[in-house]
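One chain follows as structure tokens, the form predicted alone.
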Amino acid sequence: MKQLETQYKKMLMDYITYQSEKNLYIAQNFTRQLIQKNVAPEDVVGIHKNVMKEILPQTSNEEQHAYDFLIEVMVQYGMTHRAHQSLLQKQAEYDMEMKIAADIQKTLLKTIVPQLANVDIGMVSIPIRKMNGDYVHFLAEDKKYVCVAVTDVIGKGVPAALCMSMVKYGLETLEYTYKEPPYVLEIINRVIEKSVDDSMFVSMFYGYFDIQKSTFSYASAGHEPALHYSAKNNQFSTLEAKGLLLGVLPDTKYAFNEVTIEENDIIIIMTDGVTEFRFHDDFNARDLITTIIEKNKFLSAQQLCTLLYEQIEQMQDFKLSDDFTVVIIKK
């Protein structure tokens, strides 16, 4: 510390004598030494106080007391500043980890929308944070069938991403039982219940569209009900199937329903991020969705998904309150 005082004394005396930009530049470079030697702010004030005593011995007691007061202030400032810097460093490390995790999630949970001859499929899935709490899984064979699972994890961040990976693994192993929505949910439920923390729950809507028979069978595990637009009747109906969230009880059974799909009919499957938002007190989000679909039913499935997202996002002042996922299937 004595060596630092000697250097500081020379710099201060040179500045008092010449008051040049060069003197200030030298002083600025001196701060690098202080940082490298981990000198606290209050110690810097102490160095200045000691040097002032040497070069200006006539300094009054009041000025000395003022320096003592400043030292006390800088002690608290230094502690707070160091704590703040530590938090910033931890936040930067966390942000980097989240970015890496988000990139891994995008790779592991990449969803490819099937391109089929007789069925038009569209999808939009937008996370409000880096990690997406929603997941969509497709299984399809042209002219025969298309299966879709729309999943929403109650929870965010890395644990939710890991949970999604398990859901995807479970769905991919059900190669020969994908036609039975209740059985699919029962298997995934056992996977989630055994392997995921008790605070983590998953909702899922699973549908099987038999293209040859023109039927859509579906089951739900506590998920947002889907919608069916009948082109023939020009009306919407709710595809509701009661079922407990995945991961609650190991032996939960799920019911299923079936609906006939005719030419130009539309199936809309979504997460609650699409429907659970407020515009005004008497506003009904599902009425808005059906109005948009009915007015724009001539658009492709992907165009409808994009239009829904853009209009709902605009109504929320471009600040979504939850992950937004919608899948649309048109015959």
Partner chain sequence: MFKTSVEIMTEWDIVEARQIGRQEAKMLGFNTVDQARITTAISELARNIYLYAEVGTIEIERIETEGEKRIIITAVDKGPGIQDVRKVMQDGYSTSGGLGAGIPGVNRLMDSMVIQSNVGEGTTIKTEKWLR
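Everything numeric here is computed off the predicted structure, so don't read it as measured data. Numbering follows the first chain given and starts at 1.
The form predicted in complex with the partner chain is left out here; the points below concern that form.
Peer 1: Does Arg286 make contact with the partner chain in the model of the complex, using a 4.5 Å heavy atom cut-off?
Peer 2: Taking the distances in the model of the complex, the answer for Arg286 is no, it never comes within 4.5 Å of the partner chain.
Peer 1: When the contact criterion is heavy atoms within 4.5 Å, does Thr177 count as touching the partner chain in the model of the complex?
Peer 2: Contact with the partner chain, no.
Peer 1: Evaluate Glu72 for contact with the partner chain in the model of the complex, applying a 4.5 angstroms cut-off between non-hydrogen atoms, and reply yes or no.
Peer 2: Yes - in the model of the complex, heavy atoms of Glu72 and the partner chain come within 4.5 Å of each other.
Peer 1: Can you check whether Ala40 is within 4.5 Å of the partner chain in the model of the complex, heavy atom basis?
Peer 2: Yes, Ala40 is a contact residue.
Peer 1: Counting any heavy atom within 4.5 Å as contact, can you tell me which stretch out of 206-214, 249-257, 222-230, 85-93 lines the partner chain in the model of the complex?
Peer 2: That would be 85-93.
Peer 1: I need to confirm a contact call. Of Gln115, Thr111, Gln76, Ser165, which residue comes within 4.5 Å of the partner chain in the model of the complex, counting heavy atoms only?
Peer 2: Going through each option in turn, the one that passes is Gln76.
Peer 1: Work out which of Glu294, Glu263, Asp68, Glu276 lies within 4.5 Å of the partner chain in the model of the complex, going by heavy atoms.
Peer 2: Contact residue from the list: Asp68.
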